[in-house]
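You are given structure tokens for the same protein chain in two forms, set apart as structure 1 and structure 2.
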Structure 1
């Protein structure tokens, strides 16, 4: 859980914030060439070069950066965007800021496919992969509080009642146990996950595929306000950005990166939730699926994922807590196993007990025969059974003790 409030952190140079706010709008994420330039010359210099748009001579934009920024480099709304963010109580978290979740995001430059997420059919490649240039956030939680004990809970929008129940119930229990539930604020599983955490006063993080000023889906406007008040709303898209389809896939990689593990509650075959799981796997994070009825299309994706060696089945909340905790912390206890009065009995004694009919007595000789145990061992077996109250002697014959 967060300790220091973000306000106490040393402020970032306003020029850096403005530069990153501009860069965050000027290229569609993920923008690997631009990210490379920023890393090389710093955000202020990179922003200046993109604005200047010089393509030849010293200080020229690399061709990849020119391509990524050609359509929007004339649009600089950084001041207005930052003012809008401040008016809503938000902040721009940037790599120059101590709250930047650098360790969590570091893998993103290495694992994604052409659209920022690995494909279902092949190994993840490096093309098109990049960390975000900045993150627009609202809420009291610190972004660098994870990824340990942060769990992504993702799943279908068209979830079943079963899936919605699991998402809500497990998220509430996770929040109760100090795990931060991270999801995408979508209809269905996402919304149920956020609501479950909020219901027990737990923190929750919504990662958006649109600008922080957009309430999407509209039905979740109130939910998003709750999350911004009690947890964190995060996006790499600048204010006003629409939630286009490809942005959901790109956004999903952030859910995977910001968490120690991703739990897929329900997923149809070939769904965004499956993609999130595959990014998490590529990042080396835990991937878990909730099993469901094989008759449910909404569990099909979960069951397919479960066949991957790196994916585990979460039958109980304990398994999720275990996977997102530090090694050795939060280990799942085995489920309560029923005990029987015959537990620990010698196999021979067990056979003697079972050779006794429910309502008749037997001589020792008959018992040895029926059980197939050495008659020489019978006295020991019967003493064991008598000591446990399982058998009783009755005029030289033995019977089961009732009850």
Structure 2
């Protein structure tokens, strides 16, 4: 497997990078109030105001920003974080960078709920919603290459053999067909999806719920290194950030936003994969599910999602390619259907053939009677059947041809 060419990096004002690195650490994502301040005054000024911590008078922090940053505003590791990132061959991608996937992330502020994702009953409104302040990345792919032909593959950690096979096999075929596989590097479906893409030398992206320097789960340390060399590892959390349950839920919104569609391979009724699918649906992206056994709890979530009008059932890779491609591209051809020797037969000829016993012969008169066809048409029907090799004449009687 050969590594892709290094990503093209355009220079960004170092002061902007330091400011966004600092802001990335001082507020727990998503931080809507802080994001609003950054949009209003710019990252450098916003960072200075947060450091100063002034709550009254000119330049005072809005109450929401003060609340979001109160616990950490005195922690400034921007220089050290950026140095660690550079030492690992990474880069900080910010909205001022040409690589920033602004179009893909733009809808997050409109659909996410307090924990960065819609509730199970639908979007929870704008309170708490925000785009990332920055993205810490390692790898040769570019974030702005998506979301077209980027597919999120998500599912259960406690996956079945069936689910693992689908994730691995379909991801390999998707990568072979030029689709970038995006997942969360977790055990189960996520890991199988990444490995499937890497196995064929294809692109894959891992979105983390921890710092870029953390290998989580530890079992996937080698896998994450492979992804960083040949694809992309992404997180909105600063170096050293530990994985936590709420961070996985927040992380899932990025998988939905960075891709043109999300495929849920297996999922329990209440799970992170379900939340990812709901964010994708709220963003107007394609949502697909793989059907599974009705007896499997790991397919219950997929079957519930399939009841939603905007969700489609994916029965083969072609369906996924169609959903994540540009409109009109990658259309799935109808599946091939088996042909039968009786296809296209006249209804009367079909009745004549069905009137023939499997192991006995019949006279023409008996056939016409049993089939209920006009004796005047019988010769035509028998000729048609004989031409297709379906019947044979045997001493003035007719029988089915063996085989």
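Here the rigid core means the biggest group of C-alpha atoms that line up within 1.5 Å when the two forms are laid on top of each other. Fair warning: this is a prediction, and the values are worked out from it, not measured in the lab. Numbering follows the first chain given and starts at 1.
Two forms of the same chain are shown on their own. Structure 1 is the form predicted together with another copy of the chain.
After superposing the rigid core, the Cα of residue 381 is displaced by 2 Å or more between structure 1 and structure 2.
Taking the rigid core as fixed, one finds a CA shift for residue 371 of 2 Å or more between structure 1 and structure 2. Core-superposed comparison between structure 1 and structure 2: CA of residue 19 displaced by less than 2 Å. Structural comparison between structure 1 and structure 2 after rigid-core fitting shows the C-alpha of residue 396 displaced 8.7 Å.
The shift recorded for the CA atom of residue 346 between structure 1 and structure 2 is 4.7 Å, with superposition on the rigid core.
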